[in-house]
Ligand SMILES: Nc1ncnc2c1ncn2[C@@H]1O[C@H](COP(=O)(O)OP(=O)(O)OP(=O)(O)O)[C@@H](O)[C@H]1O
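Given next, in structure tokens, is a single chain: the form predicted on its own.
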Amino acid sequence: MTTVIEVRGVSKQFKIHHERHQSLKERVLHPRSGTTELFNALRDVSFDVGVGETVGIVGHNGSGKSTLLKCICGVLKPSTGQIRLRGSLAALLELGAGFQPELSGRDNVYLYGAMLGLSRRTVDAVFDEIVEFSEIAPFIDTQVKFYSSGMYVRLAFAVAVNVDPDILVVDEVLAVGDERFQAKCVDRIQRFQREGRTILLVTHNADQVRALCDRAIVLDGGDLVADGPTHESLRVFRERLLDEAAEHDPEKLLGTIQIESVTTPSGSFEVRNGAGIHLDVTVSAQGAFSGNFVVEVFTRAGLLVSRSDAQGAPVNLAPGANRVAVDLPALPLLDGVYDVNLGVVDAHGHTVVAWREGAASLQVIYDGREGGIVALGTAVTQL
């Protein structure tokens, strides 16, 4: 596979000033006052991205995701290391990045095109498509400083995906805007995938990473801690979050909680469409804990089928081994293999205290010929 993004030993340091001079007078009178320290946003990060790959970059806030993307896009220069790109690149780094607030939306489209090295004639050819995709035609000649956050993203995304880039870099912007436009953006990304373009995607939405990405990279404190298949990297990401929560608030976890095993009474995870399945889950706890049990079901392609209400399944764990019964009744799923994720969250449903990715895989058998994921049981009556 041809490599289009090559990152080798990239580190990025920032100088943080403490008690910084507030005026020229202070600098003259107290030239040696104030202190600085070096902050390592990235440390020796290396990876390759092949042509046509969609790679998700995940990590908690401050892990270095946005800094890495800015280095790849040339906005920041790495302190050490090298980055090589092959092909044209379009980026949506942050809300309104690259837009000039005093210019109109129309002027910003041409300005962005010029920044990508496109001629005015080239931008003219796709301008109508950009405006149509953004759905802000009535405001295209309004100064962008008057745009809402949703309008910013609509226009920026419309420009980025219509200038025919070889590499598309997207940083969190899919979290802005209404659900319908987000779905429209995802459709365009999937079209890019079918066309064999390369995509780097940063998002906190694990479902989007599952659905869109071939693999995922996990950053933690500026270090690359995982780079592999999406499900495996997300497992590492969740484990890192659990470790961090334990370090910052040990009392909240009340000891280590782990999902040890998942079994069925029959020993088989095979189930027919319309039937149910019972799971026996063993959870170990070092201390008593009251929270809620969460169940997720995904297709093998990473599409979320169902997630249980985080506050709808309370559990009271005692020290030692605990048995939790999980019933998935009357599964309406069509033929295929489905992965089940299990977790324990706090009483408010905000903090994950235990998680097991791919805890079980269900083989659903369906004798009909319907297509899709769910059997709707459609009834047709001629009147």
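Keep in mind that this is a model prediction, so the values were computed, not measured. In case it trips you up, residue 1 is the first one in the sequence shown, and so on.
This next part talks about the form predicted in complex with the ligand, which is not shown.
Which one of N322, T67, T54, N341 is close to the ligand in the predicted complex, taking close to mean a heavy atom within 4.5 Å?
-> Checked against the cut-off, the match is T67.
Triplet S261, L303 and R356 all within 4.5 Å of the ligand in the predicted complex via a heavy atom = Not a single residue of the candidate spot has a heavy atom within 4.5 Å of the ligand in the predicted complex.
What stretch, of 330-338, 313-321, 38-46, 345-353, brings heavy atoms to within 4.5 Å of the ligand in the predicted complex?
-> Single hit among the candidates: 38-46.
Mark D227 yes when one of its heavy atoms lies within 4.5 Å of a heavy atom of the ligand in the predicted complex, and no otherwise.
-> Heavy-atom contact with the ligand at 4.5 Å: absent for D227.
Is there a heavy atom of R307 lying 4.5 Å or less from a heavy atom of the ligand in the predicted complex?
-> No, R307 is distant from the partner.
Does E172 make contact with the ligand in the predicted complex, using a 4.5 Å heavy atom cut-off?
-> E172 belongs to the contact set for the ligand.
Partner proximity in the predicted complex: H204 to the ligand, non-hydrogen atom cutoff 4.5 Å = Flag for H204 set to yes.
Any residue of 46-64 with a heavy atom within 4.5 Å of the ligand in the predicted complex counts; write them all down in order.
-> Counting only heavy atoms within 4.5 Å of the ligand in the predicted complex, the contacting residues of 46-64 are H60, N61, G62, S63, G64.
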